[in-house]
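Presented as structure tokens, the chain that follows is alone, the form predicted on its own.
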């Protein structure tokens, strides 16, 4: 169950990528779908290596997490700022021997969450001062990679990492009753913000009538009422223009807050509208085949829109059902594990997958600004696909029970892996993580 739903999503994604990258006639073929097949195979290989590779003798899970954190959240994020390839308005990619490129931020999210889960769950039995020091160190461990990712101008990845890490820390520090009370208090406080955004995108009738009259007087008249234009919203967000690290943010938010939106947002919503309930059929969508939705983003940032245009609401709901199955499997594996760190990591990974999906779908429906977040396992992309499989591999490694039989206490002198269970089934667990309540 850890592999079947992701592989089904990967198969659907490969078919969609093939549909938008292989021309009907005349144009040259783009090889993205073949690369995605390779990325899925590579991701499966990484999954089994992470889940079953033996650790060196006396090498604990905390040491492994710290080493991965240093490589992916420190070394590679600094390296991409120094020698990375600039694309668009940021520097986010590293070239691998001139053959392909990787995005270190995707791997940093998984490595950072793993190290954080190990760090905050290793405070049992410590003095209060030492435990407080480790929790403060955990906050620093979140801030450092988040700042480096922001310097790459990848605000979407920075937000996703901080949100998943924040849920991990808060769930470790507070009880579920306190968390539920916090959510119930936060929702009414955020309601005025939602009302303000709605009024900006759907202004009063007097403003709509004024803009409609201006549109009829112009060269390109639009026979529909419209709200504020991008220029008007942009003049409020950045009156003197925008420069520096966040120079691209006012344009994206003005595109989101204005009623007219940008070209990509408008064509993405058209894909979903044209698809309807049953879809136009595979490779028969007018918006994608004719290139109204740019071909450079069809298979990445708007894969769900392509799926909705081809297979309609039924196909979109099937993809979301597979994601729901993945989320349930992640949480179930974390709950069954004997390690508190496993539950913390499973919670953070589930939040990461959920936010990836919710923001990606929200971009197509114009519910959130377009920030370039891929759909897990469905969108094209080697870094995000391999990193997600690596996260599932870590979850499999944490598995501490099989067929309801607890594993033998780990942390013994015989190293990795632990002693097999009485049924003879091989299971793998971190050496220093015994079942809860077991004596060391």
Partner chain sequence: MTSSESQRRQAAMVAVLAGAVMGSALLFAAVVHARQASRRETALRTFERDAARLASVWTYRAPVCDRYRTPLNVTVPEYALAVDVSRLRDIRDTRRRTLDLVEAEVSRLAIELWPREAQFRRISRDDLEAHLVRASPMPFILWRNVDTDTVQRWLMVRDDHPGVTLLPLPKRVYHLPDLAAAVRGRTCLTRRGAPGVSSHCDFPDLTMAGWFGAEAWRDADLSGTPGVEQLVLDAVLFRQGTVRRADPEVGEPVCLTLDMHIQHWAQEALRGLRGALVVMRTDGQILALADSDDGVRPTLAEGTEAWRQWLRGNRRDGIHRCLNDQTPPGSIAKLAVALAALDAGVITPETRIECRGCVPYGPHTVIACHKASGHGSLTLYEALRVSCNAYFLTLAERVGWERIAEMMKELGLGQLPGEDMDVPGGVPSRLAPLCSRGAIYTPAYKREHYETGVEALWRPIDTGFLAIGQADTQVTPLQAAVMVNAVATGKRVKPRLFLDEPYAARDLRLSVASREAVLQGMRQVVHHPNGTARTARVEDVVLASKTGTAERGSGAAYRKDVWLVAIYPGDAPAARIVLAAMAHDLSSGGRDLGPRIAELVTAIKEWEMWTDDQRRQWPGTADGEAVCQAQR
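Since this is a predicted model, take the numbers as computed values, not measurements. Positions refer to the first chain, counted from 1.
Keep in mind the form predicted together with its partner chain is missing from the figure; the text below concerns it.
Proximity to its partner chain in the predicted complex holds for all of 174, 317 and 336, with the criterion being a heavy atom within 4.5 Å.
Considering its partner chain in the predicted complex, the lone stretch of 363 to 371, 68 to 76, 133 to 141, 102 to 110 in range is 363 to 371 [heavy atom distance within 4.5 Å]. The contact residue chosen from 147, 180, 193, 83 relative to its partner chain in the predicted complex is 180, the criterion being a non-hydrogen atom within 4.5 angstroms. Scanning 200, 274, 297, 155 against its partner chain in the predicted complex with a 4.5 Å heavy atom cut-off leaves one residue, 274. Residue contact check for residue 166: none of its heavy atoms lie within 4.5 Å of its partner chain in the predicted complex. Mapping the unseen interface onto this chain, residue 94 falls outside it, with no heavy atom inside 4.5 Å of its partner chain in the predicted complex.
In the predicted complex, residue 283 stays away from its partner chain, with no heavy atom inside 4.5 Å. Looking at residue 340, you'd find a heavy atom of it within 4.5 angstroms of its partner chain in the predicted complex. Shown here without its partner chain, the chain has no residue in 150 to 170 lying with a heavy atom within 4.5 Å of that partner in the predicted complex.
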